[in-house]
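Below you'll find only one chain, the form predicted alone, shown as structure tokens.
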């Protein structure tokens, strides 16, 4: 464990004790993530390259005999949700509670008969910033419930699958696997090259002397809005038209730009498909360049990724574009791009370690970012007994 996640877990334990006047039996932690490259391709079966970051969500809790899910989140002014475990169902909760209830429902059958869960959540991942606060919330909840049933230790890919299912069914967000997967499977010092079709990964060692600066542009977005499903639907229509014209393809990841042109695609569907095809290729090229410690090549690929997200996928915004341009001009920066779902949120800049502190300060003082921090690749989620 890193000291920052230990400190968050300890603080969450104290908040739980203050709220419920008992000591939690289990505490869990799940990191947020920043995607280095490979944006909006996870649901098209493409390749993504995220790292787990040094910001996350901790959950502390106990099993009860009252048959209730009781959850409090410090991120929402201590708001409490309370619902009978037997009545948790899709559409029965809204907002952040739908994520928590949905995850608990995935593990409901593993709990003792008649048991309830009492929990408190505490996060350092900025909400709506494109750093996957939702996945950190989901995975920390899952790890807590598993831990309460005696399954402590590190997360596995099965947790990611359960959390994605919960997000689809309970939060109504048709997300891919990336966010939950990296929160579970992150590895210190490494990015994960995730094949979102096979849902397997390779470790990609980040070269020594490299840091990543994450800067918030100050604009918020909601992935549950119409824009995210519209882009996904465009990709699905594009694949269907390519298959109809040219024969079977398992995903856009298996298509070429020539296939897009030959199928007669045009408009938004063609633009989204082209981004998906080219972005997966860029992601694999970035992984190869990182392994070869070719940092200039990595930076160029990040710039090309941002241009595609801005011009083809059309999920950037003026605030993101300005922040990317400002970051790219700073000494010690190899490349920068928007990261996350888009329409606001954060950028990520790859830079030299020794320049990270100065770049972070300049992004806030001169670049217009209200919040920025530097990080390296961190480890994934875990749960431990808190009463020993």
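Note that the structure is a prediction, hence the values are computed from the model and not measured. Numbering follows the first chain given and starts at 1.
We do not show the form predicted in complex with a small molecule, though everything after this point is about it.
Quick one: in the model of the complex, does every one of 90, 107 and 162 get a heavy atom within 4.5 Å of the small molecule? Not a single listed residue reaches the small molecule in the model of the complex, so no.
Taking the shortest heavy atom distance, is residue 172 within 4.5 Å of the small molecule in the model of the complex? Contact with the small molecule, no.
According to a 4.5 angstroms non-hydrogen atom cut-off, is residue 132 in contact with the small molecule in the model of the complex? Flag for residue 132 set to yes.
is_contact(residue 218, the small molecule) in the model of the complex, heavy atom dist at most 4.5 Å: No, no contact at 4.5 Å.
Taking any heavy atom pair closer than or equal to 4.5 Å as contact, tell me whether residue 137 reaches the small molecule in the model of the complex. Residue-level check for residue 137: yes, a contact with the small molecule.
Scan 313, 212, 96, 228 and let me know which has any heavy atom within 4.5 Å of the small molecule in the model of the complex. Of 313, 212, 96, 228, the residue with a heavy atom within 4.5 Å of the small molecule in the model of the complex is 96.
Taking 4.5 Å between heavy atoms as the contact cutoff, choose which of 299, 116, 126, 147 touches the small molecule in the model of the complex. For this set of options, the contacting one is 126.
Among 258-266, 198-206, 74-82, 303-311, which stretch has residues with heavy atoms no more than 4.5 Å from the small molecule in the model of the complex? Going through the listed ranges, the match is 74-82.
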